[in-house]
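Next up: just one chain, as structure tokens, the form predicted alone.
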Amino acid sequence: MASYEIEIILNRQLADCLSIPVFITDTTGNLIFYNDPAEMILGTRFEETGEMKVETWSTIFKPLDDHKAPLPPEQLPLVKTLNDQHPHHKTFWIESLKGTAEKISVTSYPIIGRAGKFLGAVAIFWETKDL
């Protein structure tokens, strides 16, 4: 694992203790951690994939709109947070490595260090049921 700022390490430790899926990236969108509940939705274990470049994870975890058409990256909450360093939320479908589609709600927020430096972003997501 690469060396990270304390704020990234603390977010990772918090994510490791939560019962909801969490995804953490660096400032360029490279995946640096996802927790056990995220593994269930994404269809693969973090121990198996390790850290992933944005070009890799953005193609293997496929975000889809309500018509199951590919969702442009710029519409994803995490990408928006990486671009503007503000929180965002959206509900959409994601196709896992197992080939199953799950409807999820995603809330993302930036990780800002004590010195005001942008360090990365977190996406918290959960399966949703149509009402």
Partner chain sequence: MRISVKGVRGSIPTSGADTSYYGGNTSCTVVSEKDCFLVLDGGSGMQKVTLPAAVKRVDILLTHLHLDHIQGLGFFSSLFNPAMEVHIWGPASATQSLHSRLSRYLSPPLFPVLIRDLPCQLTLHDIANSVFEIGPFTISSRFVIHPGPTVGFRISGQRSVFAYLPDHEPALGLTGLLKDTKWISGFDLASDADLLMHDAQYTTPEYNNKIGWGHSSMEDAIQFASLATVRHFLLTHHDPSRTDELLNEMFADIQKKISPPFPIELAREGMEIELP
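The structure displayed is predicted, hence computed values, not measured ones. Residue numbers count along the first chain shown, from 1.
There is another form of this protein, the form predicted in complex with its partner chain, and it is not shown here; the text below is about that form.
Asks: So in the predicted bound form, is its partner chain close enough to residue 9 to count as touching (4.5 Å, heavy atoms)?
Replies: Yes - in the predicted bound form, heavy atoms of residue 9 and its partner chain come within 4.5 Å of each other.
Asks: Is residue 4 close enough to touch its partner chain in the predicted bound form, meaning at least one heavy atom pair within 4.5 Å?
Replies: Although its partner chain is absent here, residue 4 would touch it in the predicted bound form, with heavy atoms inside 4.5 Å.
Asks: Answer with yes or no whether residue 51 is in contact with its partner chain in the predicted bound form, where contact means some heavy atom within 4.5 Å.
Replies: Heavy-atom contact with its partner chain at 4.5 Å: present for residue 51.
Asks: Classify residue 32 as contacting or not contacting its partner chain in the predicted bound form by the rule of any non-hydrogen atom within 4.5 angstroms, answering yes or no.
Replies: So residue 32 counts as contacting its partner chain.
Asks: May I ask whether 40, 45 and 91 each come within 4.5 Å of its partner chain in the predicted bound form, counting any non-hydrogen atom?
Replies: No, because 40, 45 and 91 lack any heavy atom that approaches its partner chain to within 4.5 Å in the predicted bound form.
Asks: Pick from 78-86, 32-40, 96-104, 59-67: which stretch has non-hydrogen atoms within 4.5 Å of its partner chain in the predicted bound form?
Replies: Partner-contacting stretch among the options: 32-40.
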